[in-house]
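In structure tokens, the next block holds one chain alone, the form predicted on its own.
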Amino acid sequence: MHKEAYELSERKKLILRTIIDAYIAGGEPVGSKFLTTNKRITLSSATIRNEMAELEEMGYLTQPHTSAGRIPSEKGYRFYVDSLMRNYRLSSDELRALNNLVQNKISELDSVLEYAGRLVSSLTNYTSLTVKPRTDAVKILRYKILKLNSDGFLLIMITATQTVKTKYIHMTSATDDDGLIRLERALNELMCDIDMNTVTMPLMMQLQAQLVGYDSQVSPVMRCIYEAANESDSGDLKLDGVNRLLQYPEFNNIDTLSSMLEVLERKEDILDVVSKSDKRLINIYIGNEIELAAMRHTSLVFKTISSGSHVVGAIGVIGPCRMDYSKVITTVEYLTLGIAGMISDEEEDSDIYDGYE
């Protein structure tokens, strides 16, 4: 909790939360007259006005016009998210829609993220984003060998980003099924989840020692693994429901909207934000916290999805600063947790290889 939280009385906190809740719901400045109708605030209009004036002096509220009510500042939203926001309870329909996604076995992560993006945008009524992370080099987590004919076999590699890479390997000498089984076992024992640049000669000799009689296959296999592991991934950002931004007055200004759309289309800036984020918690950036001038009226909420210690993607929401944070955070957290569990289940069941059997 921020130090300044202790400077706010419970009365000020109640007034601030009520103003922000009302502004998120209606988008109109909130005045003292509105607050007197709230049953939880048993204060006179004069007292409420004084409290609002003090909250404005402290930087939690602003007044867009002299005669208007107050609206939250970025500092007000930040305090609200960190200290005042109530937990959102998903409805039965929302739970059903989210559970339908995570219960349907979809082996390709790209398909999962695409569906998840559409669902989040629909449930929250904001623009959703889905991200595949940047990687300088691909780590391979598991290997599968599928014999195609007497001359060659398919080496199937599942990466830390849950993508599947395949390489056809021509056999220079006859290799029976037992040899391929031993090769697959040795690769999974020795060559999983390591930086290929750190592979040493002793490790290569250990691999060959496990494949006596079939060691002629080691060199072509290792060459293919090196190629797959060094195919860098620049990451990808996909958006869904961009048209939903037009519903909010914050984006009625054509210059504001076009500048933000330019940032979203370029993708690199958003990918930078995601790549530098906390991988364990939900990330909430409000207005200027994004450090992009074009998104100063915008909030960005997202959470990464991990499989073990590896980040395989991220799901989030872009909307106005007066976003319904409680609903967005609950929806994103529930979905990312479900997808992470689904990926873990698939790894245990080896379903990722079903398309190759």
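Numbers follow the displayed sequence, beginning with 1. Source: prediction; values computed, not measured.
Just so it is clear, the following notes concern the form predicted in complex with the DNA, a form of the same protein that is not shown.
Report the residue, out of L300, V332, L55, V30, that has at least one non-hydrogen atom within 4.5 angstroms of the DNA in the model of the complex. Contact with the DNA in the model of the complex is made by V30 alone.
Just one of S306, Q63, S326, N38 has a heavy atom within 4.5 Å of the DNA in the model of the complex. Which one? For this set of options, the contacting one is Q63.
How about P320 - does it come within 4.5 Å of the DNA in the model of the complex, if we only consider non-hydrogen atoms? Taking the distances in the model of the complex, the answer for P320 is no, it never comes within 4.5 Å of the DNA.
In the model of the complex, N288 touching the DNA (heavy atom, 4.5 Å): Result no; N288 lies far from the DNA in the model of the complex.
Is A293 one of the residues lying within 4.5 Å of the DNA in the model of the complex, judged by heavy atom distances? Outside the cut-off, so no.
Do L43 and the DNA come within 4.5 Å of each other in the model of the complex, heavy atoms counted? Contact with the DNA, yes.
Only one of these stretches, 67-75, 176-184, 240-248, 81-89, has heavy atoms within 4.5 Å of the DNA in the model of the complex; which one is it? So the stretch in question is 67-75.
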